[in-house]
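One chain is shown next in structure tokens, namely the form predicted alone.
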Amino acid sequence: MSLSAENTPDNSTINHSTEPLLKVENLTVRFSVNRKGLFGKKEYLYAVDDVSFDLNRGETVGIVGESGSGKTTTALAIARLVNAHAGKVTMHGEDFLALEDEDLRRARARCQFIFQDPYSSLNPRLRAEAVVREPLDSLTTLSEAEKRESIDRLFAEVGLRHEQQRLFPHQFSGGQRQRIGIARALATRPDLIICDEPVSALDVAVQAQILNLLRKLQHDFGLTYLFISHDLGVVQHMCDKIAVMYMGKIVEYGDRLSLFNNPQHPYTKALLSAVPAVYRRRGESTERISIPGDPPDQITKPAGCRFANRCPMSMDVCTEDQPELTNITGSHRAACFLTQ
């Protein structure tokens, strides 16, 4: 699967709405940690800290970063699978974080999740047909005949045979299990699908098949993806826009071509330097940029830039003040004093 920022298919042919399908504003997720001593002050780990971005209908926005950057927690908070401490998530003009009961059930049908591990995300006691049927039973009012027709259609759309509906998850390969997970996510015909590392547990050849399936489904049904990954080659293939996260904050955001061809933040440059040569344009530098040291403590947050203690270009101001995510050109933004 040879990809580059120039030869990757462009999703811009999809008709994007001017109003964002998903608008995330100042999203913050924190987890309490054990106090130091009986009368110690309660402390919090900020996994996601003041994150904001938009996702237009028909687009794919990727969130990338190393393990612990907060990308998966961001996705889980948007889907309300973990509780947000602060912020606003607007979907179809509604504050998704404020919905309850029937309003929340109705909204969940429009936002579905594809999980990372196809081995653990499927109930081993249910046949494949029952796995795909679950969201239809809980989130729709379809008749039995309509559900049966929908399940048959979903299996065909993801490339599974009709007779495989009666099999249990352990009787499928990893790629086939992820196809079942995709069919389950498609069952309610959602507008937004959150893909959390959907191919990281699969072999490389199978990864390409699943990614091509996701792109085909997006083209056929006008789907919108929020795509979480640590693999920049995959993100380059799939995404229109990319947010780079480090220690719970977005440090750079831009369209695919701008970010890959002209990265601005030192952390983004270091990540891109690790991309295998097969994904590079001809003549592009292959020099590896190392990131020394360890990330700062997420409980005792530094006053300045989170990357300052590891950045080879750090200045005094970087340890004193926190840079804002400011515009560079077009939709390309970076949180770095070197660009301001």
Partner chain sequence: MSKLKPPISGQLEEEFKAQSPMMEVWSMFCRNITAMIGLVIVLIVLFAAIFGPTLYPGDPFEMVWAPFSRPGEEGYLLGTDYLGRDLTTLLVHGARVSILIGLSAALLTVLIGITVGAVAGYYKGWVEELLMRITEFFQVLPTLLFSMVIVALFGASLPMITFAIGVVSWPPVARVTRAEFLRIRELEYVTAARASGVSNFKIIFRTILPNALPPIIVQAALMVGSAILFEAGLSFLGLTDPNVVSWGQIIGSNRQYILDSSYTVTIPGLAIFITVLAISLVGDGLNDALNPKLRKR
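Positions refer to the first chain, counted from 1. Remember, it's a predicted structure, so these values are computed and weren't measured experimentally.
Although not depicted, the form predicted in complex with the partner chain is the subject of the following passage.
J.: Considering non-hydrogen atoms and a 4.5 Å limit, which listed residue (A208, L97, A86, L139) is close to the partner chain in the model of the complex?
T.: The residue from A208, L97, A86, L139 that makes the contact is L139.
J.: Consider the chain as shown here, without its partner, and state which of Q112, S258, S150, Q264 has a heavy atom within 4.5 Å of the partner chain in the model of the complex.
T.: Partner contact (heavy atom, 4.5 Å) among the options: Q112.
J.: Can all three of R288, R306 and L325 be found with a heavy atom no more than 4.5 Å from the partner chain in the model of the complex?
T.: None of them does, since no heavy atom lies within 4.5 Å of the partner.
J.: Name the stretch, out of 209-217, 141-149, 87-95, 121-129, where some heavy atom lies within 4.5 Å of the partner chain in the model of the complex.
T.: Answer to the contact question: 121-129.
J.: So in the model of the complex, does any heavy atom of R184 sit within 4.5 Å of the partner chain?
T.: Because a heavy atom of R184 falls inside 4.5 Å of the partner chain in the model of the complex, the answer is yes.
J.: May I ask you to state whether Q171 is within 4.5 Å of the partner chain in the model of the complex, using heavy atom distances?
T.: Output for Q171 is yes: heavy atoms within 4.5 Å of the partner chain.
J.: Can you check whether E134 is within 4.5 Å of the partner chain in the model of the complex, heavy atom basis?
T.: E134: yes, in contact with the partner chain in the model of the complex.
J.: R108: heavy atom within 4.5 Å of the partner chain in the model of the complex?
T.: Contact check for R108: yes, within 4.5 Å of the partner chain in the model of the complex.
J.: What residues of 220-243, in sequence order, lie within 4.5 Å of the partner chain in the model of the complex by heavy atom?
T.: The stretch does not touch the partner at all.
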